[in-house]
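Given next, in structure tokens, is a single chain: the form predicted alone.
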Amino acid sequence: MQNIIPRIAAIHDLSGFGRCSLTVIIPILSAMGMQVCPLPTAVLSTHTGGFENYTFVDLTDHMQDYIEHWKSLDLRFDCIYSGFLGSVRQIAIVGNFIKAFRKQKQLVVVDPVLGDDGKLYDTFGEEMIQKMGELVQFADIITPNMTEAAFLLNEPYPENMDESKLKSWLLRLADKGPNTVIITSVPDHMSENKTAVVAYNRKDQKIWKVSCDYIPTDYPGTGDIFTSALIGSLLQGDSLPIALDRAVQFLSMAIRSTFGYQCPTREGVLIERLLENLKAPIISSSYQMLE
């Protein structure tokens, strides 16, 4: 039976304080009319960026029992969305989850969280890169940042990224299996004061780009916010370029709003003030199609 409300299996960690992962994914997608069914990979008192002495409960040993119960209920999902995974074993669990719950007209989104700013996260090694590279083959959409794209392609982090190399990376990532590749945090070579999100759709072989002003700050959870708004937009029936535009606009607005209040960056962006904006129609768009 078709779900009355689009249903999303969200496989992420849960931090009690600090806006990231499930604490931003659930409100964003709920505001967009989606039912979020969390499959938590770990529970933390705070996220790990900027906080010390946080508590951490690894749920790897409980994930399979959780999944088996869902199987017994014959749950059906319109979207499966995975993000930060803490171990090779969790990657294998997610891969098996996708195989078990896959159905037609379903969206599978993998955010291959590995690192940022040209560096691998401290808890990860080469095996995580390899296994994440295997997981993306099951995805319809992947959303790596520039660092993660470099690791997945076994390329050095580029000091400069010209349009020709960017297109090559998009196509090579698509060759790993996903129909749509979206690279975030791409420096816009047309302007030092802008950054961009660039997407390639293998089905129609089109490349889309949405730029936004660069703001000199760094907040946790921005990738989760972007991908959640993107998924909600796509499940509402928006085209890929419109969904990119909506997600970039929402994230940019959230960052600008938070930056103006001079809040501690480790607490994340103030999405609570902006959730209503996710229901507004797109009035103007700024996407471009690259030749």
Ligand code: PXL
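Note that the structure is a prediction, hence the values are computed from the model and not measured. Throughout, we count residues from 1 along the sequence that is shown.
The next section is about a form of this same protein that is not shown, the form predicted together with the ligand.
Asks: Would you confirm whether the three residues Asp13, Cys20 and Gly49 all fall within 4.5 Å of the ligand in the predicted bound form, going by non-hydrogen atoms?
Replies: Checked in the predicted bound form: all three residues contact the ligand.
Asks: Just to be sure I understand the contacts: of Trp208, Phe84, Phe151, Phe97, which is the one whose heavy atoms reach within 4.5 angstroms of the ligand in the predicted bound form?
Replies: By the 4.5 Å criterion, the partner-contacting residue is Phe84.
Asks: Work out which of Leu44, Leu39, Leu235, Ile26 lies within 4.5 Å of the ligand in the predicted bound form, going by heavy atoms.
Replies: In short, Leu44.
Asks: For the chain shown here without its partner, which stretch in 57-65, 239-247, 220-228, 27-35 has non-hydrogen atoms within 4.5 angstroms of the ligand in the predicted bound form?
Replies: That would be 220-228.
Asks: Does Val113 make contact with the ligand in the predicted bound form, using a 4.5 Å heavy atom cut-off?
Replies: Judged by the heavy-atom cut-off of 4.5 Å, Val113 is in contact with the ligand in the predicted bound form.
Asks: Is Tyr121 a contact residue for the ligand in the predicted bound form, using a 4.5 Å heavy atom cut-off?
Replies: Yes - in the predicted bound form, heavy atoms of Tyr121 and the ligand come within 4.5 Å of each other.
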